[in-house]
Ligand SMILES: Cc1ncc(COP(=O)(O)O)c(C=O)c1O
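Given as structure tokens, the chain that follows is alone and in the form predicted alone.
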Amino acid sequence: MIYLDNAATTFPKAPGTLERAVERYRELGVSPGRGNHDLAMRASDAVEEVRARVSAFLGAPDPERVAFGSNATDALNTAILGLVRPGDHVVATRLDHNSVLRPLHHLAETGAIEWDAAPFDERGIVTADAVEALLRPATRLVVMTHASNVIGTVQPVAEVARRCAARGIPLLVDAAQSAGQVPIDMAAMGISALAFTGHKSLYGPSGIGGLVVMPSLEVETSRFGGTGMDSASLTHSQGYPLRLEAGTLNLLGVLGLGEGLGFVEGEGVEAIHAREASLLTRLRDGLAEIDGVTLYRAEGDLSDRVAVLACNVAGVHPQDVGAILDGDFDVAVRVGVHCAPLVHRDLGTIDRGAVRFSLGAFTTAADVDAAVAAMRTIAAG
């Protein structure tokens, strides 16, 4: 199979990473932070090691403010519910994933908040001017995706953060698609909080992710439970990271995240990005030559994007394109609206969606060429 659905979950993982994680879990598979015996302490040390590596990798100064969760959606909900209050206004973007849009929509439906979504331009960019135009005195939070999961454009989060900071508004960044594909330095970029997931470009397993919070920002607890600390109190522990972590951590997921992060660090984010950008350009150029194929926001230099490309074939429903690619050519892609409805409304594809190709660290030029040849056959009828 030619796997070109890496924006959903990267596959395969780097050789040996999952095996090493499982082996460590066999040795340490108890509850970290839930006992004073040696094995529990060793498990806690393993978690704290990965926490520190994530903090350094993302340019955050305090490892204790890396709170692990199940994925980026979990982290975004934790941040949004822990930051906004009744009467607040929030600015998001029309590139955002439902992991941002649905929590905001839910809060607005209950009458708790109001929110607006900044548009993207003809290049697929949400400019800082577009965000700033929507800010109000009641704006409590700006949240935006770092890289679109539909069209792959990387957003100017540093400039948006600068504009937000001038008004005392925190910026929450959804880095589900960017962490591991493009360099991130939260401190240098002025990002207040960042949500990440392990199963995409950090090459870890599914079920692990987290929220990274800068020291200048306080996120209120929105879930309550056991932390292994202050167990006699009915008040949830308020020190970081425990104030944002309720219940026993996914130790196997954390260990797998550490192994995947080691692979990315070894390869180098810049090297991974450069290689994928080259293959993305090869894919774009090949598809652009096919009569009947429409590409979305894929013009010009693609070196500043993540390796995602959306398209459609004239006269063929995207669901059928995906089924033919899979059934006849063993090419796996993602079709539909990609959990990002506002993007597709603005692209004019909300009724049927699009075919999304997404590349990974193990995609080859031969994979790309085979996908282009398959699309040529489909477009020819």
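Predicted model, so just to flag it, every value in this text is computed and none were measured. The numbering used is simple: start at 1 and walk along the sequence shown.
Keep in mind that the form predicted together with the named molecule is missing from the display, and what follows is about it.
In the predicted bound form, is there a heavy atom of the named molecule that lies within 4.5 Å of any heavy atom of residue 149, even though the partner is absent here?
Residue 149: contacts the named molecule in the predicted bound form.
Even though the partner isn't displayed, in the predicted bound form is residue 71 close enough to the named molecule, meaning a heavy atom within 4.5 Å?
Looking in the predicted bound form, residue contacts with the named molecule include residue 71, since a heavy atom lies within 4.5 Å.
Please check if residue 176 has a heavy atom lying within 4.5 Å of any heavy atom of the named molecule in the predicted bound form.
It does: once the named molecule is placed as it appears in the predicted bound form, residue 176 has a heavy atom within 4.5 Å of it.
Does residue 155 reach the named molecule in the predicted bound form if we count a contact as any heavy atom within 4.5 Å?
Heavy-atom contact with the named molecule at 4.5 Å: absent for residue 155.
Can you say which of 195-203, 264-272, 102-110, 181-189 gets within 4.5 Å of the named molecule in the predicted bound form, counting heavy atoms only?
It is 195-203 that comes within 4.5 Å of the partner.
Check for me: heavy atom within 4.5 Å of the named molecule in the predicted bound form, for each of 7, 97 and 145, yes or no.
All three within 4.5 Å in the predicted bound form.
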